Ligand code: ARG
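Shown next as structure tokens: one chain only, the form predicted alone.
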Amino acid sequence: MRLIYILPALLLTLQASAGEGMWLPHLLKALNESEMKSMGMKLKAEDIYSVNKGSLKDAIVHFGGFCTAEVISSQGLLLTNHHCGYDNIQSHSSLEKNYLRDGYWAKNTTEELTNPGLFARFIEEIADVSTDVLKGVTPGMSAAEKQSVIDINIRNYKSKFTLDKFHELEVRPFFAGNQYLAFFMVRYNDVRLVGTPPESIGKFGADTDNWVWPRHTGDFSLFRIYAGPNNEPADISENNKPFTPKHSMPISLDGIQEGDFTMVFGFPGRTDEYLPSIAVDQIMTHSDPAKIAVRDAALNIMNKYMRNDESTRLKYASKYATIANSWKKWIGEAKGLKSTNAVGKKKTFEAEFEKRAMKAKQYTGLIPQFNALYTANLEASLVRDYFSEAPNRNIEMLRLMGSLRNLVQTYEKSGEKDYLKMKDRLSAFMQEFYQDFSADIDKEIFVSLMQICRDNLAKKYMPASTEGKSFEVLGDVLYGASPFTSWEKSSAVLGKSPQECIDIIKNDPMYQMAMEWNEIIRLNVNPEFEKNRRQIDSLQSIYMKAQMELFPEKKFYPDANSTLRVTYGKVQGYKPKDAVYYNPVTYLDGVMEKYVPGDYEFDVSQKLIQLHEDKDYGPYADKTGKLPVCFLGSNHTTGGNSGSPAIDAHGNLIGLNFDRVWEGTMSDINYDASICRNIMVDARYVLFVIDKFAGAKRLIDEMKLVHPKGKKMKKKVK
């Protein structure tokens, strides 16, 4: 029996712990509506997801493919996180017009700034296509045979539809490939920057407070979708007009209190909730520590230079934040997995799984197979971790060599015509690359990370050209000789004849080292790793199906895979350790308590200080007269949920999701209701900053502000 047929019957009768799970919105009525209402929700499932009428889903945007945003006005105004818009804000910034430092607020639509490449994508419909995709798949097939049939079926399914450039169709696997859903989407390519607070608000606490509670960050920015004639999607054009959405979110001025229902709607990136215990143990004790060590060294070097020079800080701000985000997450993840005994809990579950499998006389022996495969793959997996984090990620010159390799291969395989096309694309990339690059900083990172690799990897996994050499000396040689340490030098090479350019690239010792390391990975690591990985993935698919069949009393939800999901919980504090309880709300008073004049993480503008001293909060203070900044919920979120709306029981915006607590970052692998919390900036703080701090009243006037908890609903508050 196929999983797709038994799945709804299983899930309808089961209960889930509040907070856990990332649920598919088109199945809420069948699976979740009753529980959500018991927790306080006043909406119907159709108010959240509907194909036939405007619903909450029509205000939810996949922002650039990496974050979530929501429409908050009838004129296409988008609210997302400051860190989601960071690259675009940075791209418009300079030392003279430093929008990262000072903020930016367009006075009218003509001042709203275009962002080539940034898009806003809406989900129009979700359809179950498992029958079509799994047609012809049989139990005796190998993983490769099964995937071949599935790929053909997906192509055949997609061929039924004729799509224009702005409409997309993706077919994605769920439950480890036991179910397939189709997502019909529309994409808007003209998304403009409208407003952003200064970093002293939008990134307050920066890396010190990242993943930490109590939090006091106004992590938001504003963009706007523009559309062509008849409100249709269009590429960037001065003739485009603000987009009119099917639905935009009202914003509640009544705020929250502990115990209130909360819902987060967005595009969570990836979770692995159903891994076997050995996989979780390897993440906790091997993979996370290796990646943490590499990034720790790189970040320390960047931070040293950034603190001493403002222009360097501006150049490295975005990449530092990106690198630090995962680094700190992995630290919390490893700690959380250990403190909640995640591996022990998995082993307890596996013991029961094996007991039930023996009784059912099927699915026996899966856990020992997992143990053997993960053990066999551990060394190769660790080598890949060090490789991906050092030469392939954080040593930028070695990473650049990969792009130059593409140029070499294009010339040698396809000839001069294709080479010239590739060179034009590479030139554009390299010009942008060097804007945020320092050879001196990268050389110091090279020396540090190469030493880490030497200390932790077997000799056979290190390039032979490094044997017996000091990395300090080697760094001086490589960076001193390479013609690719600046755009000026690189453009001179790219300006030569194709053969001359290729010869220079191939004779560069830096390039030769990068290629040597690539060959080690390609020949000595990947074959065995990928062989084991295919077997692990195939086994995981069987294990997922087996869990759902052998545990009919357990409620299952699909792992996140960057598709639209709903998670729900409550406003709730937590106890991180003995004798400590964290309240779920922070206030502007806490910003002032953390204020350190001149510190780039905790500095505060004089205007914000004055507004606080005067208690000039407008209608955005709570009943006690204090201004809320952030709050906690028990919603199950992950990367990709950044920018997701926090929604109240009535369907109004109450906040903006932007982070998780450090102790609970392991929720991607092991959700634990005792410490897994998501962090949201309060919508009232967002409105306060726009209105009282920035004076951007025109934006407030676009929004629908409501009092759902009041005796009388106010359609508009000014």
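This structure is a prediction, so every number in the text was calculated from the model and none was measured. The numbering used is simple: start at 1 and walk along the sequence shown.
Here the subject shifts to the form predicted together with the named molecule, a form of this protein not shown in this document.
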Pick from 534-542, 288-296, 400-408, 210-218: which stretch has a heavy atom within 4.5 Å of the named molecule in the model of the complex?
210-218
Going by heavy atom distances of 4.5 angstroms or less, which of Asp682, Glu663, Glu70, Asp659 would be at the interface with the named molecule in the model of the complex?
Asp659
Interface check vs the named molecule in the model of the complex: of Asn325, Asn392, Asn341, Ser93, the one with a heavy atom inside 4.5 Å is Asn325
Whether His83, Ala206 and Ala321 jointly form a contact site for the named molecule in the model of the complex is the question; each needs a heavy atom within 4.5 Å.
yes
Given that the named molecule is not shown alongside this chain, does Ser642 nevertheless sit within 4.5 Å of it in the model of the complex, heavy atom to heavy atom?
yes
